[in-house]
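Below sits a lone chain in structure tokens, taken as the form predicted alone.
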């Protein structure tokens, strides 16, 4: 009868804090970059230019229909075939950013479409430039609209960062595999890493709730939902 014993992993927990920090760093960079990509992609998707709309739609459709693992392999191994060598961490970061950016694009596009057209016209009538319009009028409202799905996607990015282990990035899942290989206590290693991901996801959930309440408190009374 197998005996579940987490204590067997204790001698191997030394690298674990570093692995957690690596996961957090990779995820944080991917989140920030994919938000920028998503904002740019959404602007392309709602642009008056047919070329920009087509480019935005093509990006979304291609990246949302290719598994993230395949994107990681294409960047890490595929680029090396043509002489462009990218290390594991940056390959995972690029892949996560491209993958999440496609979903971010659709989230931001939904937020942009939810803003009444009259607000665009009113801002332009006040002499605002395009940059001022989006900086002061549009995007502050967009973030209030999309904070819930945005939080879900951020959790997805953190969880998806586990795939970086396949190209040797020293993150939580890599630690799990090595600890299991060295102790043969795979169940305990899987359980420990599962708990870590649950805790990270719940921390994001709490942050999303706090941020959402703050955003709603800043909205005009008539705009609160």
Partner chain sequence: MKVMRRSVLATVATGLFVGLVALSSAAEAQQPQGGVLSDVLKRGTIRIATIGGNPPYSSLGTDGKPVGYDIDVANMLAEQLKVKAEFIVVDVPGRITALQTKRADVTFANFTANVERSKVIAFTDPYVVVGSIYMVKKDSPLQSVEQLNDPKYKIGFARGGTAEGISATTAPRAQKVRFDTVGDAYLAMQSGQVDSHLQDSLQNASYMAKDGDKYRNLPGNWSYEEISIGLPAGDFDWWRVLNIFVKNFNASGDNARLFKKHFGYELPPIQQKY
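Note that the coordinates shown come from a computational prediction; the quantities given were computed from them, not determined experimentally. Residue numbers count along the first chain shown, from 1.
Beyond what is shown, the protein has a form predicted in complex with its partner chain; the following relates to that form.
Checklist entry - Are all three residues 26, 97 and 107 in contact with its partner chain in the model of the complex, where contact means a non-hydrogen atom within 4.5 Å? => result Checked in the model of the complex: no contact with its partner chain for any of the three.
Item to check | 4.5 Å heavy atom contact, residue 113 and its partner chain in the model of the complex | outcome: Contact with its partner chain, no.
Next on the checklist: How about residue 53 - does it come within 4.5 Å of its partner chain in the model of the complex, if we only consider non-hydrogen atoms?
Outcome noted: It does not: once its partner chain is placed as it appears in the model of the complex, residue 53 has no heavy atom within 4.5 Å of it.
Next on the checklist: If we define contact as a non-hydrogen atom of the residue within 4.5 angstroms of the partner, is residue 122 a contact of its partner chain in the model of the complex?
Outcome noted: No.
Next on the checklist: Considering non-hydrogen atoms and a 4.5 Å limit, does its partner chain approach residue 85 in the model of the complex?
Outcome noted: Yes, residue 85 sits close enough to its partner chain in the model of the complex that at least one of its heavy atoms falls within 4.5 Å.
Checklist entry - Using a 4.5 Å cut-off on heavy atoms, what residues in 168 to 207 are near its partner chain in the model of the complex? => result Residues within 4.5 Å: 168, 170, 174, 177, 178, 181, 182, 184, 186, 191, 195, 198, 199, 202, 205, 206.
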